[in-house]
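Only one chain is shown below, in structure tokens, and it's the form predicted on its own.
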């Protein structure tokens, strides 16, 4: 069971916090582990190493911490732009 989740908006030179290029979440577990996921073009959360890469110095994108509500709004906007929604594909 996750202990906590932190959400991030992905910002590059063509996007902003208000209109991000993507959204990520990092789930921290009680045992000390963590899992990074991106909300993908498939309209599902999938594992991704991009957040860890940014922490190691990859500066292609900025990851701006956002609230769960903001993440849910971004996910919903992405679903609308894709023409629909997938049951169960939203943020927890």
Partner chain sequence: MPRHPDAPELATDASRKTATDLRARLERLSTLHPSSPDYAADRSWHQAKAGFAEAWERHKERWPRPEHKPERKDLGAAVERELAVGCDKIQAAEKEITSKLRAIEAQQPGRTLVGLDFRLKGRDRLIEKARQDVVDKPGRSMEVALALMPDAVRYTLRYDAKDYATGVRRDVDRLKTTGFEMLKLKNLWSDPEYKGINSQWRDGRTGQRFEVQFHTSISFECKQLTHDAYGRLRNPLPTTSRRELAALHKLQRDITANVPEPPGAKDIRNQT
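Owing to the predicted nature of the structure, the values given are computational and were not obtained by experimental measurement. Residue numbers count along the first chain shown, from 1.
Missing here is the form predicted together with its partner chain; even so, the following discussion is about that form.
Using a 4.5 Å cutoff between non-hydrogen atoms, residue 12 counts as a contact of its partner chain in the predicted complex.
Within this chain, residue 52 lines the site of its partner chain in the predicted complex, having a heavy atom no more than 4.5 Å away.
Proximity of residue 65 to its partner chain in the predicted complex falls outside the 4.5 Å heavy atom cutoff. Along 55 to 83, residues 55, 56, 57, 58, 59, 60, 61, 62, 78 each place a heavy atom within 4.5 Å of its partner chain in the predicted complex.
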